[in-house]
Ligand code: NAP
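Taking the form predicted alone, here's one chain by itself in C-alpha cells.
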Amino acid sequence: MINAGTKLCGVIGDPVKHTLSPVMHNRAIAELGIDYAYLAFNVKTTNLGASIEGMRALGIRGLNVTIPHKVAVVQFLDELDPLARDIGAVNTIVNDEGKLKGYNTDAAGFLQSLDAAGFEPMGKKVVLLGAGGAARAMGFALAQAGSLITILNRKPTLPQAVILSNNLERTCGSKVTVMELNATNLKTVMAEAELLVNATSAGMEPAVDETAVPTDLLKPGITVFDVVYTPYETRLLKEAAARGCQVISGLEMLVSQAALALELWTGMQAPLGVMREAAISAVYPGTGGTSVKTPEIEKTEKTNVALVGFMGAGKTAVGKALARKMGKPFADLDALVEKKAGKSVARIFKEDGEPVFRKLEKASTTDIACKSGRVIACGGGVPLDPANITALKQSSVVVYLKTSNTEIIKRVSSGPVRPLLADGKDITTLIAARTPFYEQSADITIDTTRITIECVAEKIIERLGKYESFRF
C-alpha cells in the first residue's frame, strides 16, 4: 500500500501512453514485496529540464527515459555512468539524495535479447535503421561486440547518423558506414545482411501497417530485431518470420533493460520472468484485443511441466517417460484438441484449416493450464501465441526440447506426413521461424539430439530441482 514512505519511480517520454513499463515494474515491485511505486509521465521536450529538476526536488528515486529524450536529457544530469557517456544517451536515472546519475541499460538489454536467441554478433554484417537514442545504445553494443555496421537514416536526419558513426568509431575503434535510408540503399545492404535492427518507430501502434523494410528484401536465414514492442508481432516481424528469418521482438530488450534499471534503483535482483510475463499479458490480454478472464488455477505454485519444441523433438515420448518417473499424469495437447473437435488433427487441418486448429489449441491450452501436477506435451505451434505461454506459465515450468535440424528432418521423414507439412511447407524455414519462440518461452532447455529418451527425462528432473515444488 502506498504511504508517506513509498519510493517513487517512473518513466518520462512523449508519448508514453503505449508504455509497458508501469505494468512490468509494479508487478516486479509486488513480487519483491518492497515499498515502491512506478508511474508514467508524459513530458514534452520543452518541459524536459523542468521535469528533471522536479525529480530532484520531489526526491523521485528513479526514472526511465524513452523517446524522444534519451539524448537531450544528458545535459540536465550531474553525472554519467561511463557506458552512458560513451553511448551519448541515457535511459535510466538514479537519484542519490539529490545527485542525479545517468545510466544506459538499453545496450546490455539488447545484447541479452540477442544472446537468448542464440545470435553471436561478432563479425556479423548488421544493418541498423535509425540514429536516435535506442540506435545509439544498440549501435554501441554491436560495435563493442565486433559487428560490421551500416547505419541507414532518412535524409533530413542523416547528420544524426554521421554523429553516431563518428562516436562509434571513436569509442569502439570500429569502421561504421552511413547511408541514406531509401529503397536503393536498402536493397544493396540487405543483400549481405546477417542481422537487421529496426531502431525506428515504424510499425508502432497505431501505425501498425507500416514497415521499415519491404518483404522482398527479407531473405531466409537472417535475424531481424524490431525495437518496437507494441504490437508484440509488428508487420516487419510477421513478414520476416514468414520469409524464414529468425525474429526477435523489442519486448525482449524492453524487459531486460527494465530489470537492470530496477536493480539500480533497489539494489535487489529483479524477477525477470515475472516482468516478462506481465509485459506479454499486457500486450496480449486475450484474443481479438479483448480481455479474457482465465479460470482459477487449482494451485498457484508451478506443479506442471510443459514440453515445447518442434515436431520430432520427442515431446510425447519424453513426456510419457517423464510422467512415469515423476508419478504424474501425462497430457498430450494434440489429443485434447482431437477430443474437443471429435476428429483427428489431420482431419481438422484438411477439413477446417489451420486457423480453426489454432483456436482449438488455444482453448485446450487454457484448459490444461488450469490443472495441476501434470506433464504436458505441447503441439509445436503452441509457443507461437504468447497467450498460450502466459497461460501455461501460471502453473507450469516450460521445458524446450531442442534438436538439431538434421535430426528433426531425419525423424519427421521416417513417419507419416505431418498435417502442417502436407501442403509442401519447407521444414527448414519453419524451424527457423519457430525457434525464437521456443527459446523465449523456455525456463529450461535440453538438447535431445544425441541422447536417449530416458536420459532426457533424467536431465529434466535434475534441472527441475531448482524449483521448490519439484524437489524430491
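Counting begins at 1, following the sequence as shown. Source: prediction; values computed, not measured.
From this point on, the text means the form predicted in complex with this ligand, which you will not see here.
- Annotated contact segment (heavy atom within 4.5 Å of this ligand in the model of the complex): 227 to 235, selected among 77 to 85, 320 to 328, 140 to 148, 227 to 235.
- 199 is the sole member of 401, 305, 389, 199 with a non-hydrogen atom within 4.5 Å of this ligand in the model of the complex.
- With the partner removed from view, the residue among 131, 375, 90, 248 that has a non-hydrogen atom within 4.5 Å of this ligand in the model of the complex turns out to be 131.
- Contact annotation for the candidate site: 67, 70 and 153 all lie close to this ligand in the model of the complex (heavy atom within 4.5 Å).
- For the chain shown alone, residue 253 is a contact residue for this ligand in the model of the complex, at least one non-hydrogen atom being within 4.5 angstroms.
- Taking the partner from elsewhere, residue 157 is found to have a heavy atom lying within 4.5 Å of this ligand in the model of the complex.
- For residue 169, no non-hydrogen atom is located within 4.5 Å of this ligand in the model of the complex, even though that partner is not displayed.
- Looking at residue 210, you'd find a heavy atom of it within 4.5 angstroms of this ligand in the model of the complex.
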